[in-house]
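Before any questions on how it binds or moves, here is one chain, the form predicted alone, in structure tokens.
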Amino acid sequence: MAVCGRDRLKNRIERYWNWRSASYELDLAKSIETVKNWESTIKGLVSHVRGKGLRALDVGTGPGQLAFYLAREGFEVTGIDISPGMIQRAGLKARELGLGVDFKTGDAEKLPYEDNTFDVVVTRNLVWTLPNPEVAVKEWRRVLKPGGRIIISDGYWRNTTWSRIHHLLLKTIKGFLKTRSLIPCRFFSHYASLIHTLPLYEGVTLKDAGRLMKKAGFQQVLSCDIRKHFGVNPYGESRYSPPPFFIVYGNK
């Protein structure tokens, strides 16, 4: 992809998430149970990391939720996101919570950090929206210290393609009648022209994530038992069933 084309693609993704930042929910907006499940899971996955001055990076931080969990575990946390709107919201929430997280705009596929900088890298619900996920995961490994841990969460969201446009219409009508929200329609209208440039647009499977991590050179790639960590699917229900999601982790 030409540089100018890539820039236009990233700008379009940025514009959508800037708009979405005003209504994007933090975990607490879903339920206290969701907060407890996510926080205890993240805590368990980084509990082996010991020492002073530990640093963590939350890639695609959105409104900063995973960054907050890590900050409460004593990490010096940096959160980056392509959307200035998300970064602004995350910064406001950090001040409200009294947490000193360093939030910055940045590109997940081209991080502005030196090799071997962070002890932990986390990301949630980002891989599906990346034009070059293989490049991104290799980049996340680059900035990890030797022995550092990566934690990736994503899911198979069944994002609507043109072949399933009728599902979008039904979802939009039901969503509008229930919440007066047109988010699904706005999402599709914005991403429709990007579908063929995002290889994992419809969603990410555990197998996809494992393949990306192993190709990037991560060792001991393992996945969490979602049923053990989450009694209730934090992403709710859909027309079919709760969207399947995963948490996978590995070491450099």
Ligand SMILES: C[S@@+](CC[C@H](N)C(=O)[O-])C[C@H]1O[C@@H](n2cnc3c(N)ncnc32)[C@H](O)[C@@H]1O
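All residue numbers refer to positions in the sequence shown, first residue = 1. Predicted, not measured: the structure shown is a model, and the values here were computed from it.
The next section is about a form of this same protein that is not shown, the form predicted together with this ligand.
This ligand is not shown here, and in the predicted bound form it never comes within 4.5 Å of any heavy atom of residue 195. In the predicted bound form, this ligand lies farther than 4.5 Å from every heavy atom of residue 229. Put simply, residue 143 is far from this ligand in the predicted bound form: not one heavy atom of it is within 4.5 Å. In the predicted bound form, residue 24 approaches this ligand with a heavy atom inside 4.5 Å. Contact check at 4.5 Å (heavy atoms) against this ligand in the predicted bound form: all three of 82, 86 and 125 pass. Considering this ligand in the predicted bound form, the lone stretch of 57-65, 202-210, 42-50, 221-229 in range is 57-65 [heavy atom distance within 4.5 Å]. This chain appears without its partner; in the predicted bound form, the one residue of 150, 130, 71, 90 with a heavy atom within 4.5 Å of this ligand is 130. In the predicted bound form, 106, 107, 108 are the residues of 94-108 with at least one heavy atom within 4.5 Å of this ligand, listed from first to last.
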